[in-house]
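Given next, in structure tokens, is a single chain: the form predicted on its own.
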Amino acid sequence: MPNLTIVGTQWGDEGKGKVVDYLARTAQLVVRFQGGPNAGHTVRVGDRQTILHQVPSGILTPGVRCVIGCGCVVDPHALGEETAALARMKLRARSRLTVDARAHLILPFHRQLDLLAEKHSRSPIGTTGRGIGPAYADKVGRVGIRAADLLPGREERFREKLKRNLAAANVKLMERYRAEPISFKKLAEDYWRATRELARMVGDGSRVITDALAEGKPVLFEGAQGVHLDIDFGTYPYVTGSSTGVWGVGPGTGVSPLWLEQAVGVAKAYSTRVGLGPFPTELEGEEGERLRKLGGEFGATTGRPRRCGWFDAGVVRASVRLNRLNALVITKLDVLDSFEEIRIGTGYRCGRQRLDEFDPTRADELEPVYETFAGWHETTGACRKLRELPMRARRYLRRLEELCGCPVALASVGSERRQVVEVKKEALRWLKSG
């Protein structure tokens, strides 16, 4: 039975949550390998919409176990709220979820430092203010507090680490931002009490995953953000704090990359971006606002309006190459149903050069080159088979395949779980096995 890695090919918000939920029917284990509660995966089943921030989207499929890998940063308060909400839905999330003992924790001072740094910066990058960057900075600085530090019998060790880290954080709060310091006693008591539920879920995620792979069980690896928000390969410094591509699975789970077999990239039928940073095909004015309204383009985590633009094939083509993707899933095709004309960014002019692939190190110099397509003016939400899609919609998907150099396996035509068209099922052995 194959394993599969799912990554976003743009700047996040591509609809990975729905794709993971759809493909999890074949999985026995779903693993989040990077990110924190700055990600928001929205899944709609019937009339019920669920927004997941840290728990892998596979949790909505009964019987599927889930792992939050060591490459993630975990906010215990947010995770507790999330698992409590799932419990109210009669989903036994806590008994099916393992948080890797090596995963680093987000502390309240991480969130405060994140917000203040953004507020006082001369060059803000548009973070979610959830403390992700400061938590990863502590991890790399080798002073982070990990999930293992919350286990029973380790309270004194936890308090010692917290005292050291809080002292450093309070210096920054007071001297750099003129903010009030945080009380150690109250923080230590409140945080330890709030993490008792999380402590019961802590385990060796690496062992859980490797054992499943060795037994031939189908394992789905889920990325949180998009490839172009990667700390190395994204539009630096407008990026997240972790590795968002297939290359992040190994260090993010403790699993050898030699296990990995297939990778699928998720892309919207157009482009969006939250926060600041380069966006070559961005639309401003009425067209951009129309896309935003039709697509409901507001952040699942922050509620911020997303910047919208036409599909950028150069961005997705770079993701295909970097991840060696086997197939693409195109989401929100239905959002384009009413457009008279639809444009695709096919490449870029950069001075006297013509580039066919997005280059994040020269992103501010790129001028997009477009192709224009006639819209299909038909509703696609009820389509389930390729032949049911309007001819022009099929041509659009075929052109995306050509420009991105990767077959389209699925196309999503609505937010509900069942609104999926299998375009080229044979492109993914995962689908054939299910």
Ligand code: IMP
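The structure presented is a predicted model; accordingly, all values stated were derived computationally and were not measured. Heads up: residue numbers just count along the shown sequence, starting at 1.
Separately, the form predicted together with this ligand exists; it is not shown, and the next lines address it.
### Task
May I ask you to state whether Val255 is within 4.5 Å of this ligand in the predicted complex, using heavy atom distances?
Output for Val255 is no: heavy atoms all beyond 4.5 Å of this ligand.
### Message
Test of understanding: in the predicted complex, would Pro251 fall inside 4.5 Å of this ligand by heavy atoms?
### Response
Looking in the predicted complex, residue contacts with this ligand do not include Pro251, since no heavy atom lies within 4.5 Å.
### Partner contact for Leu229 in the predicted complex: this ligand, 4.5 angstroms, heavy atom
Taking the distances in the predicted complex, the answer for Leu229 is yes, it comes within 4.5 Å of this ligand.
### Task
Verify the contact flag for Thr128: yes if a non-hydrogen atom of it lies within 4.5 Å of a non-hydrogen atom of this ligand in the predicted complex, no if not.
The answer is yes: Thr128 has a heavy atom within 4.5 Å of this ligand.
### Query
Is this ligand in the predicted complex near all of Asn38, Thr240 and Val274, within 4.5 Å of a heavy atom of each?
Result yes, every residue of the spot touches this ligand.
### Task
Quick one: from Leu79, Ile132, Ile209, Leu325, grab the residue that has a heavy atom within 4.5 Å of this ligand in the predicted complex.
Of the listed residues, the single hit is Ile132.
### Message
Just to confirm the contact call: exactly one of 189-197, 132-140, 286-294, 211-219 touches this ligand in the predicted complex at a 4.5 Å heavy atom cutoff, so which is it?
### Response
Looking at the other structure, the answer is 132-140.
### Sequence-ordered list of residues in 6-32 near this ligand in the predicted complex, where near means a heavy atom within 4.5 Å
Stretch hits, in order: Trp11, Gly12, Asp13.
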